[in-house]
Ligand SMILES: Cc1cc2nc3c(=O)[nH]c(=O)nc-3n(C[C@H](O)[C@H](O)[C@H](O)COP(=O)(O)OP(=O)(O)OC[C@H]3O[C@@H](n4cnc5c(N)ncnc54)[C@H](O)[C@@H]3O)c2cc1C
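Presented below, as structure tokens, is a lone chain in the form predicted alone.
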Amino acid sequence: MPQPLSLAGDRATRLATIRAAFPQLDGPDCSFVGGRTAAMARLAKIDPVAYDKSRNFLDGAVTRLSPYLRHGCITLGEARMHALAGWSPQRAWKFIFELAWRDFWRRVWKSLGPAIRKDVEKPKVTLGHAPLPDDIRRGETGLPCMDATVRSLVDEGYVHNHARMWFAAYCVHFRKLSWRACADWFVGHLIDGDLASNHLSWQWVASTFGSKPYIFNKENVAKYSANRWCATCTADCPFDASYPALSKRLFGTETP
């Protein structure tokens, strides 16, 4: 995980230190601007109907509210009430449903405390426990979709949720890495790094906090990324198979 910064007592010096350490998070090219004013402006732009239809696509109408929710610039209740003020419950339900997941993760964390860093449940498949290797840390796996995720994580501090799921499944099930080692590293780079949402989501992928493991295949990546990587990828793709075939290879059964 990244080492904590040594920050001075006065605000101006602290800001200068942070900006020097994270130049990609400052200036006109920054994807996020901090503070409540920016959070409320972002909230005003959400479209729950478009979100429902396209949220799984990398270029879909995602809200990008997570950093503001993580840092308390807005609350889950405010986001929910804003959606209901502009749309019917039937049209806003998916957006509210995802807010409820975040609330659920937080409640589990409050209940279990540090125990969310360990298996909440017995895994439903055999998991690996290998440490996080350097090729993943550096984004040099040779798989364009995975390496792009690492670049987005390290350079921007943000990754689309669907890409997070692909990456977690790749690490945990295809590479047989320790979900905790991966989750600890991953959350350390996120500007929306919420321990509850991050670690319990990794556990959901791993099947230590869910009924089955989450996996994906090449067809899924191509569809939801608009074929941005698969069209030109020359790697020996480990995801190029049907779900039953992948399940058989990864877990020894077609229906884990």
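We number the residues from 1 along the sequence you see. Because the structure is predicted, anything quoted here is derived from the model rather than measured.
We do not show the form predicted together with the named molecule, though everything after this point is about it.
Note on the interface: of 130-138, 143-151, 111-119, 160-168, the segment with non-hydrogen atoms within 4.5 angstroms of the named molecule in the model of the complex is 160-168.
Residue 102 is the only one of 82, 180, 102, 175 with a heavy atom lying within 4.5 Å of the named molecule in the model of the complex. Interface membership of residue 190, defined by any non-hydrogen atom within 4.5 Å of the named molecule in the model of the complex, is confirmed. Among residues of the shown chain, residue 220 is not one whose heavy atoms approach the named molecule to within 4.5 Å in the model of the complex. Proximity of residue 38 to the named molecule in the model of the complex: non-hydrogen atoms within 4.5 Å are absent; the residue sits far from the partner.
Using a 4.5 angstroms threshold between heavy atoms, residue 228 stays clear of the named molecule in the model of the complex. Taking the named molecule as it sits in the model of the complex, the stretch 41-80 comes within 4.5 angstroms of it through a non-hydrogen atom at 51, 55, 62, 63, 64, 65, 66, 69.
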